[in-house]
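First come two forms of one protein chain, each written alone as structure tokens, so that there is a structure 1 and a structure 2.
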Structure 1
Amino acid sequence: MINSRFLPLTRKEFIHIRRDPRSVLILLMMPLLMMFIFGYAINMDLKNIRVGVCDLDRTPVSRDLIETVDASSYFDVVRRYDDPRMTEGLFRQRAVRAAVIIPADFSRNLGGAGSAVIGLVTDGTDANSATLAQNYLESLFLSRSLSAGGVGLPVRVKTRIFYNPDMESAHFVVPGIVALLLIMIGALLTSVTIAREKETGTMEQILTSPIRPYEVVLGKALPYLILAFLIAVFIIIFGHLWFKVPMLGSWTWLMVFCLLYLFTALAIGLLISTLVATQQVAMMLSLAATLLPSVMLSGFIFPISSMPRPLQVVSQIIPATHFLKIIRGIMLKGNGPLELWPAVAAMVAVGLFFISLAIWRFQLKLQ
């Protein structure tokens, strides 16, 4: 009984699998790709943390301390400056993520009283990284004190946290969630537009009309851009009021940059809609193409500087990578266009790249 029904049906399914090599390839490659990304991206260790050093002591002892920090694989001393008042400016420009301030009486106190205090400042906009950087530096100074053979702890650390002194996790997480929701919603809204035309059979009417490819793509993007912008305003205001995320910058600039981010998300959705034939596949692909990379590779949870170089390059074509810098910079640091223009320029370039690909793909269909 089983042989007469079960085995022929099984044989038929094997034949279907053999005739669909692309699905088999996807099934084989997807676990490898996921294992590669997860294995390297899920890394809570910090490496190559950019550190600024303000050495007011300028003695061999202080220089030796700086060399100890720079020799560590966790830190890169990228700025040396003489005025402690420059510290906040370096954080606003995202030039450093931690700063060590060595007071003028450091070596004198170390030689006289046997102990001295140094200042350590971290960036609270990324609470996890700030805590890890602080712990790493304190451990480094502790190890150096113990290796010096002195009694007690010769080098004591006085810490200060900029922008999020209470280390509220909501201040770090909520802007990241806004970035994730907007890229996902924006891509979902437009990913079904051209696929819907294909399913309903109205694509032929568009193909026979004198309309140009860019007019079709931009005409489909504009209504969803307005709708996505209204959703974005609601999400951001809700996060600000409900979770008490501070707003230190300009609402106007945040809304302008939010529009550019949504344009990039809609461009990704339009490109996906030109690649697939059904709305269902378009929605699944848009979720896979936006949600997973934005969570894993944008710096939302895992620090980009700790990832391998190839993944760091891939992270630069993910729009959320740049929007996270923008929204955290505006809301938590009070940044403006002068500090954020590199991230804005990169985000716009990614958006133009995807919208150009979408127009090119649609042009192929017209031909």
Structure 2
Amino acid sequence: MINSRFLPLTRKEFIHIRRDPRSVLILLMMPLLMMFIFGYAINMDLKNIRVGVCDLDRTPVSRDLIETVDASSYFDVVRRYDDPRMTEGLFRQRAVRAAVIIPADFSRNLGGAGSAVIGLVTDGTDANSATLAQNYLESLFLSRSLSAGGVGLPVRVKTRIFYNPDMESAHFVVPGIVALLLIMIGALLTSVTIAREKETGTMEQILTSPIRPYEVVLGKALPYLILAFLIAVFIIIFGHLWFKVPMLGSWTWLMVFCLLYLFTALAIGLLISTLVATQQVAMMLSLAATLLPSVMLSGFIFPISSMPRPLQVVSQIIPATHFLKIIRGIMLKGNGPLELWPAVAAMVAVGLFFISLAIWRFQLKLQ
């Protein structure tokens, strides 16, 4: 029945893939290379922010404070200067990203009953880093003021970090990269392949054969689903072995959910292929639909809870949002389907939504 008709198509697509070993090699090697570089490169913590210090007080107290700033791993005191008016020039030359200005009466005020004012300037061109730098510095001064007197703090704070106790960046980056690469590969491969058939005119030939539209789609998508799945297994194992990202949950479930995720990626690719006629446009649309949204709106980098409400809604229709919860949950927390089912259900719903849209568009075109 179905098999007899769509299997030859699948076989034909496999022959296409096999005949082009260079593409397969590129496809397997590039994700691996990317995983390798990004696993090392991506690290959000601020480190060694260049700070300028203008110390007008010049007392042991102020020097001690500067010492504290310099000793912190976040900051590097690279300039010491005496004229506060120089601050502007240092920012313009990009010599410093933040400046601390200690007024002349600082230590005197600190000894008194009130509080001593200290100036803090950050370079707002990089708003994200500036926000973090400002917060770190303010907290540093705050804890400094409390511990200065030699009496213990009134409350002891004990922090326990779960699931990634060393706050290892790679543990959070590797699953993110898997999610990003899979959705891009899945959507790109599918949309461009079908667009190629249209460009070369072979699509019409297939459609005039007695084969059913959904069989065409299935036959074309299956080989790429398998290829993308292989890539997925490949890079997850690499991340696990090389970057030592733990695997606390079950491999089987991760693979199952990976397949579901790839299915939504293919659905997006199929939908795009029904909208376009050339490989170029297919590629542009696939990139637009997957690259930036998956990086920026999925919670890969930016926390979803901090986004404005409308964007939080948008983030829900991005498959990577749900898959990130799933893959991090399985690898880092050891979650199973019991905890993950809402995310899985949402991901499948998104996939079904895109696939129905694609089928509807496809039939519309046929008529």
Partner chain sequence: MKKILNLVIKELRQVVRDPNMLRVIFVVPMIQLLILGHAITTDIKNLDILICDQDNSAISRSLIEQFSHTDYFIVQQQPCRAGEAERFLFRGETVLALVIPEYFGRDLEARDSPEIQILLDGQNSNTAAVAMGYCNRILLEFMRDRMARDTGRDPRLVRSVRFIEPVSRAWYNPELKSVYYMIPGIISILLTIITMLLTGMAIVKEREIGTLDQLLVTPLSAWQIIAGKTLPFALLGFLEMGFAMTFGVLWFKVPIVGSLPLLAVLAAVFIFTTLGLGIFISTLVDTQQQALFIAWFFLVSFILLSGFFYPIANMPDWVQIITLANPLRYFIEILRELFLKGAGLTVLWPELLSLLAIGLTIFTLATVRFSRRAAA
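All figures in this text were calculated on a predicted structure; none of them were measured in a lab. Throughout, rigid core stands for the largest set of C-alpha atoms superposing within 1.5 Å between the two forms. Residue positions are counted from 1 along structure 1's sequence.
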Number assigned to the form predicted on its own in this pair: 1
Core fit, then P342 C-alpha moves 2 Å or more between structure 1 and structure 2: no
Core-superposed C-alpha of R79 shifting 2 Å or more between structure 1 and structure 2: yes
L65 C-alpha relocation of at least 2 Å between structure 1 and structure 2, rigid core basis: yes
Cα displacement of L56 between structure 1 and structure 2, core-superposed (Å): 49.1
